[in-house]
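Presented as structure tokens, the chain that follows is alone, the form predicted on its own.
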């Protein structure tokens, strides 16, 4: 029997007369990277907000780490959110804090009982994990877009989440930096044994990071499977149009390189 950490069944969500999610179902297995791939307006962001408890579905089943999100109280939601990490598209760093202070922030205010020494040690471990130990005293404004993405991932990892929700992790990055962020997402999975849902419209990101891909178009999942099963097996209709319009083989633009500071 598969060990699912997220289960979604027959999920519907509308805003007024706008039907956004129209009966979607999916499972996330333990230690799996699942990519939810779709163009803007397909319902990706609404889905991830429901999974993180930010908004409620109109109907359908949503279970995350055993919790029924349709019947969860405030205390249970607080406990659940400590087990889930959210990587924002903008990285959402605090401009008035150093990089080390940004990473330590969740440990000081969301995790009880850690000493200053333990927080410092954990912060250094996360900086090492994303290859930016030498940036700890800098401010967010001094970092590149790719470095901010890395710090956002480090801050998400610092509380040891079981599930990570990535929101457009390669948005706004140049092709070389996209390759590096994709590699980092895979390294996080291998090193920390996290399960993840990766929301993206970037086909290269989907190919490089996803164990499985679910294509969400116009509020429904059109197809689920590996990248090759979906895109390299004579795709037709909307999936072919999506591939033909969006896909850029970034490994043709830049060679695969080792992770390093950038």
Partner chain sequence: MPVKENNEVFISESIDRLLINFRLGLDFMFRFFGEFSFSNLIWSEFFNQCYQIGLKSLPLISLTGFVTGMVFTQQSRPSLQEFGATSWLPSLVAIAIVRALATLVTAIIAAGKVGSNIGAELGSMKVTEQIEAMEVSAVNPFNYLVITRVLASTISIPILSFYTAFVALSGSFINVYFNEETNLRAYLFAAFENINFLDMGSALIKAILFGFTIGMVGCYSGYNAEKGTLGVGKAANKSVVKSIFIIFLIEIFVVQVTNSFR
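The structure displayed is predicted, hence computed values, not measured ones. Numbering follows the first chain given and starts at 1. Heads up, when I say rigid core I mean the largest set of C-alphas that superpose within 1.5 Å between the two forms.
Keep in mind the form predicted in complex with the partner chain is missing from the figure; the text below concerns it.
Residues placing heavy atoms within 4.5 Å of the partner chain in the predicted complex fall in a single listed stretch, namely 95 to 103, out of 113 to 121, 144 to 152, 185 to 193, 95 to 103. 84 is the sole member of 84, 157, 130, 178 with a non-hydrogen atom lying within 4.5 angstroms of the partner chain in the predicted complex. Proximity to the partner chain in the predicted complex, taken as a non-hydrogen atom within 4.5 angstroms, holds for one residue of 223, 52, 27, 31, which is 52. Contact annotation for residue 78: at least one heavy atom lies within 4.5 Å of the partner chain in the predicted complex. Among residues of the shown chain, residue 73 is not one whose heavy atoms approach the partner chain to within 4.5 Å in the predicted complex. Taking non-hydrogen atoms only, residue 137 never approaches the partner chain to within 4.5 angstroms in the predicted complex. With the core held fixed, the Cα of residue 116 is displaced between this form and the one not shown by 2 Å or more. With a cut-off of 2 Å and the rigid core superposed, residue 83 has a Cα displacement that falls short of the cut-off between this form and the one not shown. Taking 2 Å as the criterion, residue 139 counts as shifted between this form and the one not shown: its C-alpha moves by at least this amount when the rigid core is aligned.
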